[in-house]
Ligand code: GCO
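Take a look at this single chain, the form predicted on its own, given in structure tokens.
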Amino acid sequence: MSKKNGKNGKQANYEPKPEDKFSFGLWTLANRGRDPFGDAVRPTFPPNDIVQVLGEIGAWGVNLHDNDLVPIDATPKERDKIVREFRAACNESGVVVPMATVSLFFHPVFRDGAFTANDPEVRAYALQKTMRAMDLGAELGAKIFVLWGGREGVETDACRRADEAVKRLREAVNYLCEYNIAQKYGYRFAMEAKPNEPRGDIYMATTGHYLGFIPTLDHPEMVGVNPEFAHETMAGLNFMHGVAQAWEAGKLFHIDLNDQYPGRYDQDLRFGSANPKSAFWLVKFLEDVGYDGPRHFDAHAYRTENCEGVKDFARGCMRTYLILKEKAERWNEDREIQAILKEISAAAPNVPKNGRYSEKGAQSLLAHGFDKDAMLRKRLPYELLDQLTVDLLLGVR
């Protein structure tokens, strides 16, 4: 089923279209259900087959780590054959590659980190591997390059000073920006934060950490963030608030959509499956501000599923986003909701403006007499506003 009654009794279409810019990582559909306590439950899902399925279900894009596609020890000849066939599969399925990234966490050589590792040889190898991943992504047409430092952290701070790790990370990102310029790739780098796992603590724990780090780079205009729903929610944070700060700073280059229960390991649940209200506010924000980047689903199917269930998972991510997008449109058009918003934002007569500072404005503000009792009498009906939102989400409004 793809349609139901939408606003004003019209049929709402929840089938994805290319302009929705829905993308999935190769690693998401290829996830075989392996976890720390149990082996794989699904067969291997080859990259070219994944692309075919994504085209069938209406996805717009596919993203990849370097080794999702090309084995880490592939020869140049093997690498070129794999890339050539993958590009042909993308063209045949009408699927684009908007983003590429690099695995600096899976191979045991990165047991102490990559860009922040104590061993200079490991740091050099991490740069080489990333540059080659950038070459791969550029060959496939990617214009966004995500950097997730999954191993850039510690179990004990005895191993290095934290400020030294930040310096090493800055040096690496500066190097990659220069390589990007030299190769004329036109990448925008998107930094992805996470508080912990697989390390006990990861240095850049939240999107806010990266927003503080980026202005210290040689080319800050080239670097933004890739916030992930699960990563911020793990720490009990309000994901939409982090996304909003990134957007306001002009740094929302990419976004990872999934779901997560707070305070637990990284679950990567289907988008909207655990926190539909939080997902609603996120979708509403992205649509209200006109975010036009990829809407990337970094999640995977339940371990109970077979290959058909993986397709159900992917369809569900896109469908839920589109349902919540339609709900957001209805919220913005709801007369009672909009009247409440207008009421709570209305200013009393003669209130001095307090935007940009001026000497005249400051004097006017200092001279003004505020009636605190009158301000306190103004009703802020947030209980009603929230219940109207819940009514709308639950389909009774």
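The first residue of the sequence shown is number 1, and the count goes up from there. For clarity, every value in this text was computed on a predicted model and none was experimentally measured.
What follows is about the form predicted together with ligand GCO, which we do not show.
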**OP:** Could you confirm whether T207 comes within 4.5 Å of ligand GCO in the predicted bound form, counting heavy atoms only?
**Re:** no
Original post:
Within a 4.5 Å heavy atom cut-off, is F105 in contact with ligand GCO in the predicted bound form?
Top reply: yes
Original post:
W27: heavy atom within 4.5 Å of ligand GCO in the predicted bound form?
Top reply: yes
Subject >> Proximity of W148 to ligand GCO in the predicted bound form, heavy atoms at 4.5 Å >> reply: yes
**OP:** With ligand GCO left out here, work out from 113 to 121, 301 to 309, 192 to 200, 286 to 294 which stretch has heavy atoms within 4.5 Å of it in the predicted bound form.
**Re:** 192 to 200
**OP:** Residue by residue through 253 to 269, tell me which have a non-hydrogen atom within 4.5 angstroms of ligand GCO in the predicted bound form.
**Re:** D256, D266
